[in-house]
Every structure is written in C-alpha cells, then in structure tokens.
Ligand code: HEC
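Single chain ahead, written as structure tokens, the form predicted alone.
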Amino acid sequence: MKRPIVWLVVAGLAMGIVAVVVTRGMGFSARVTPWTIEATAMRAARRWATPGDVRRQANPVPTTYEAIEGGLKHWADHCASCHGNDGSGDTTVGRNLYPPAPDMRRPATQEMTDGELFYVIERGVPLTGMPAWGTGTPDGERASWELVRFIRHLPKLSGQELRSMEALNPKSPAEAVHKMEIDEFLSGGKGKQ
C-alpha cells in the first residue's frame, strides 16, 4: 500500500520539476497560443465543474424565428466584439484574449449541451475573457437561452443575417459622427439648415 503512494508522490514531484524547467523564464503573455493539453484540461475542468442537472437541462425556448432573431440581436450587441458576428472569434479583441475567443461554430462549442452553453453565458468562465452575463431575472435567463438557440444557428448563418448584425453592432462615437456626416451629405446637406 505504501509503495503506490510513494510512486504517486515521486511522479507528482517529477511533473512539478518538468513544469518549472519548461516554463522558467517564459513570462506571461496573452499573445501565446495555449498548449493543446492546457486547452483540453480547461475544457474538461469546465465540464466537470458544471453541475450535472444544469448540463442535462434542455433549452426551454422553442426553436422559432423569433427566438433566433432575439439571440441574433443580443449577440450583435453584446457578443460580437469578441466572438465576431459570424462566431469565428476573429476580432481584434477576440484574438488578443487568453485564451483567444473560440470559434463558436466548431465542434468544441457545438458539441456542448444546451445546459453547458447556458451555464457559460450566465456564469462566465474564470481566468478567461468570458464574463458572467446572468442577471438573475427570468428575462435575463430567456435572453441567455435565446443566445443558446442562436449559437446553434451560427454554422448556417446567412449573408443577410450578417449584414443585419452589422447594423446592430455597437458604434464608437467617431463612427456615429462619420455615419451622421455621410447621411447628411447624401441628403443634400439638409441637416445644417
């Protein structure tokens, strides 16, 4: 009985020494790509930490045009700055997070259960850029479930949906002024009278 414990302690110490040697002097940076083993371990830890009843929870919001449209509008306003309108994560913010924002269309996300997606939206993911969006209200929960419906829809997003999302994306003050100037120019300068 004592021999297996000794081997576990020796193996743990060896792994610790290897980790110290490998990471010594590497510094910390959000610009490096997480190691595959790190990403796999974190996904497993997130899944393990999600309560089983939540993981198995079915989406109470039916798959309707209205639910997907509600998710689309919420996504364009709250999620697209990191995840992109198309869910690719290929945005200035998304690429520069550690770990980078995931491509929500890929199996790593699409194979999560509806309950797992809901839990991530509501509770966030510690030590990443994913904040907790839950408000603790029925309306907030419905919005999160609509987002889950929309995340399932991301792989089949149409060009028209992408264009409508662009109009819904938050604009900086400079972009708003620029749009107002263009609109004024196109209307023949009638806004300055």
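Start at 1 with the first residue shown and count on from there. Only a predicted model underlies this, so the values are computations on that prediction, with no experimental measurement involved.
This protein has a second form, the form predicted in complex with this ligand, left out of what is shown; the following refers to that one.
Visitor: Against this ligand in the predicted bound form, would residue 130 count as a contact residue? Criterion: heavy atoms within 4.5 Å.
Guide: The answer is yes: residue 130 has a heavy atom within 4.5 Å of this ligand.
Visitor: Is residue 102 a contact residue for this ligand in the predicted bound form, using a 4.5 Å heavy atom cut-off?
Guide: Yes, contact at 4.5 Å.
Visitor: Contact between residue 109 and this ligand in the predicted bound form at 4.5 Å, heavy atoms?
Guide: Looking in the predicted bound form, residue contacts with this ligand include residue 109, since a heavy atom lies within 4.5 Å.
Visitor: Would residue 72 sit within 4.5 Å of this ligand in the predicted bound form, counting heavy atoms only?
Guide: Flag for residue 72 set to no.
Visitor: Heavy atom within 4.5 Å of this ligand in the predicted bound form: which of 162, 54, 125, 168?
Guide: Of the listed residues, the single hit is 125.
Visitor: Taking 61, 67 and 137 as a possible spot, do all three reach this ligand in the predicted bound form with a heavy atom inside 4.5 Å?
Guide: No, the whole trio is out of contact, none within 4.5 Å by any heavy atom.
Visitor: Within 4.5 Å of this ligand in the predicted bound form, counting any non-hydrogen atom, which residues from 144-172 show up?
Guide: Contacting residues: 147, 151.
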